[in-house]
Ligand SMILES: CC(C)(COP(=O)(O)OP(=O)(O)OC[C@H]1O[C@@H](n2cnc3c(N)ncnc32)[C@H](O)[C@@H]1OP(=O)(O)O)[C@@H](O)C(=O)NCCC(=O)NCCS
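Just one chain follows, in the form predicted on its own, and it is written as structure tokens.
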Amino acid sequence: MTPTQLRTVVGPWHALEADIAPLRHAVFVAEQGISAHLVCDAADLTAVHAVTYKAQGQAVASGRLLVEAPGVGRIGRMATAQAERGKGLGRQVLHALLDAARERHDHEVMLHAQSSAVGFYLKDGFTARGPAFMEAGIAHQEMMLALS
């Protein structure tokens, strides 16, 4: 897939929910067994969302950016369709969210990475902070990135 066949959109929940919710359900509920009530929450209403679409308009990756504290963003709900993994789509979403954090002048971004995704975030300069922990029945690691 070439970059011209993809587009990443950043926007509010009300504009992107119809594309994000089914993708999250497929990844988090159907694939990972996470309880459906944990997949979408009230924080979505105030988050900045990013979605990567294939040329046909299919949403294949998404994530969100919240305000964790003044000047600190929190990335979460990163999801890529199973058949599309390894193609750089999650990285496009991550970079769009990092750009959004920089635009609002955050000085740091943090996230809770599933243990299987720690390497993904390390490649973009994130570092582990604190011990691993369980969240939604899955091992996670808090990670952070200082923004310039």
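A residue's number is simply how far along the shown sequence it sits, counting from 1. Because the structure is predicted, anything quoted here is derived from the model rather than measured.
What follows is about the form predicted in complex with this ligand, which we do not show.
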- Message: Under a 4.5 Å heavy atom criterion, is Leu97 part of the interface with this ligand in the model of the complex?
- Response: no
- Touches this ligand in the model of the complex: Tyr121 (any heavy atom, 4.5 Å): yes
- Query: Does Thr52 reach this ligand in the model of the complex if we count a contact as any heavy atom within 4.5 Å?
  - Reply: no
- Task: Spell out, yes or no, whether the shortest heavy atom distance between Arg104 and this ligand in the model of the complex is within 4.5 Å.
- Result: no
- Query: Considering Gln58, Gln114, Ser35, Thr46, which brings a non-hydrogen atom within 4.5 Å of this ligand in the model of the complex?
  - Reply: Gln114
- Ok, Leu66, Met110, Val27, Cys40: which has a heavy atom sitting within 4.5 Å of this ligand in the model of the complex? Val27
- Would you mind checking 88 to 113 for residues with a heavy atom within 4.5 Å of this ligand in the model of the complex? Gly88, Leu89, Gly90, Arg91, His112, Ala113
